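The chain below stands alone, shown as structure tokens; this is the form predicted on its own.
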Amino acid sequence: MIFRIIKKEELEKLFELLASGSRVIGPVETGHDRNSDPIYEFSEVSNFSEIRLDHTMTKLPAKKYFLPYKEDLAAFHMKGRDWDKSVDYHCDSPSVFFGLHACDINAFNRLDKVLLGSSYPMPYYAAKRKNMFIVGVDCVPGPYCFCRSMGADTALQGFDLFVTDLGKTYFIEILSDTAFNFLKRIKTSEPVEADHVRYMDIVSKKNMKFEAHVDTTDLTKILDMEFQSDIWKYWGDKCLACGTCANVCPTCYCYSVEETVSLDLQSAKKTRQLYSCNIIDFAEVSGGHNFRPERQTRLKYRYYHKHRGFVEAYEDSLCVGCGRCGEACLADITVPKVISSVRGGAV
């Protein structure tokens, strides 16, 4: 990895270079909550001044740009007694993600394992993923963040360059040759010892600000032992089965596919829609049988997928500890609380 120092005004020049041939997606302020705190979301931007690099966690992840909540997979059209099929990967131009936190970058990395690296990669995801340029930015942990517990508080891969605010300058980590070539076009300098010391001091202070924690020691074994625990009924009774947790999660990828045929039988389309394993009909099959009719069972399997099954398959948890699910949950169900109770802690 290569390190550079840039003055703050140079970052805007870098933005303009990146925006000249790509759409740029970054964190913007969209309003305020009931406590008058700013609300952030990822949105397409055309000006550097719109981006809030000091943003706290966005309410929704950037998932809608690479794993849309609804996407047409294929269309079919009749031509006399013959028919043709058209497929659109919905990736017309490169995308620059400017200002992703480490947890969101790690969400990409973990999705890649199943959507790119599995036996059946998803071409729609791959087309968008392969046309990304990612600029990461360091963050200040919020009250729901437990990414440090999940090993997702720092990003070692999956980005092109990563920015840390040193006060008067930016510390830049360069990971790709594309990023290196872009930085040739702005003024940079080699970091000196004082820059490294300042960087380490900022990282140390950040690590002390985490309020939420999850003990992942032997977690897969404990989940196996507590599969029949009554604690799942406790959380299942609280769960509203609304699917909000999956909606705000940067790594949930479960989906359903709907096929629709026009009334004149001359055209049809196949549409994928992201779904949630907490929704009542998620495990319902033809004939009406539901393999998971109870809320407690659906909630339990969501946790087992994130913290047990994915670990077994890919040696990593699917959860990156961003805390969005706990913040958005109307029933106040959070991952730290659930995992703690499974380990025998108080509820």
Partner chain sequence: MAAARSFLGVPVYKPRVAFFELSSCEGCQLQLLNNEDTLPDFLSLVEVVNFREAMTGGTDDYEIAFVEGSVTRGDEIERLREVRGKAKTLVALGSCACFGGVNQLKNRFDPDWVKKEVYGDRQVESERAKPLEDIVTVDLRILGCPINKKEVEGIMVNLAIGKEIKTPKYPVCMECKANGNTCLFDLGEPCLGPITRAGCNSCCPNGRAGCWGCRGPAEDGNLAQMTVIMERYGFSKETIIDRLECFGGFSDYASQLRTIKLKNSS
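Between two forms, the rigid core is defined as the largest C-alpha subset superposing within 1.5 Å. This structure is a prediction, so every number in the text was calculated from the model and none was measured. Numbering follows the first chain given and starts at 1.
The same protein also has a form predicted in complex with the partner chain, omitted here; what follows describes it.
Query - Which of 96 to 104, 222 to 230, 265 to 273, 130 to 138 sits within 4.5 Å of the partner chain in the model of the complex, heavy atom basis - result: Looking at the other structure, the answer is 265 to 273.
Query raised in the report: Of the options L53, A313, I39, A283, which one has a non-hydrogen atom that comes within 4.5 Å of the partner chain in the model of the complex?
Result: Answer to the contact question: I39.
Query - Single option in K209, H90, K113, K238 placed near the partner chain in the model of the complex, where near means a heavy atom within 4.5 Å - result: It is K238.
Report task. Classify R308 as contacting or not contacting the partner chain in the model of the complex by the rule of any non-hydrogen atom within 4.5 angstroms, answering yes or no. Result -> Heavy-atom contact with the partner chain at 4.5 Å: absent for R308.
Query - Any non-hydrogen atom of G243 within 4.5 angstroms of the partner chain in the model of the complex - result: So G243 counts as contacting the partner chain.
Report task. Check whether D84 has any heavy atom within 4.5 Å of a heavy atom of the partner chain in the model of the complex, and answer yes or no. Result -> No, D84 sits far enough from the partner chain in the model of the complex that none of its heavy atoms falls within 4.5 Å.
Query raised in the report: How about V248: is it within 4.5 Å of the partner chain in the model of the complex, going by heavy atoms?
Result: Yes.
Requested in this report: Quick one: name the residues from 46 to 64 with any non-hydrogen atom within 4.5 angstroms of the partner chain in the model of the complex.
Outcome: In sequence order, K59, L60 come within 4.5 Å of the partner.
Report task. Could you tell me whether the Cα atom of S118 shifts by at least 2 Å between this form and the one not shown after core superposition? Result -> No, shifts by less than 2 Å.
Query raised in the report: Relative to the superposed rigid core, does the CA atom of L265 travel 2 Å or more between this form and the one not shown?
Result: The answer is yes, as the C-alpha of L265 shifts between this form and the one not shown by 2 Å or more after core alignment.
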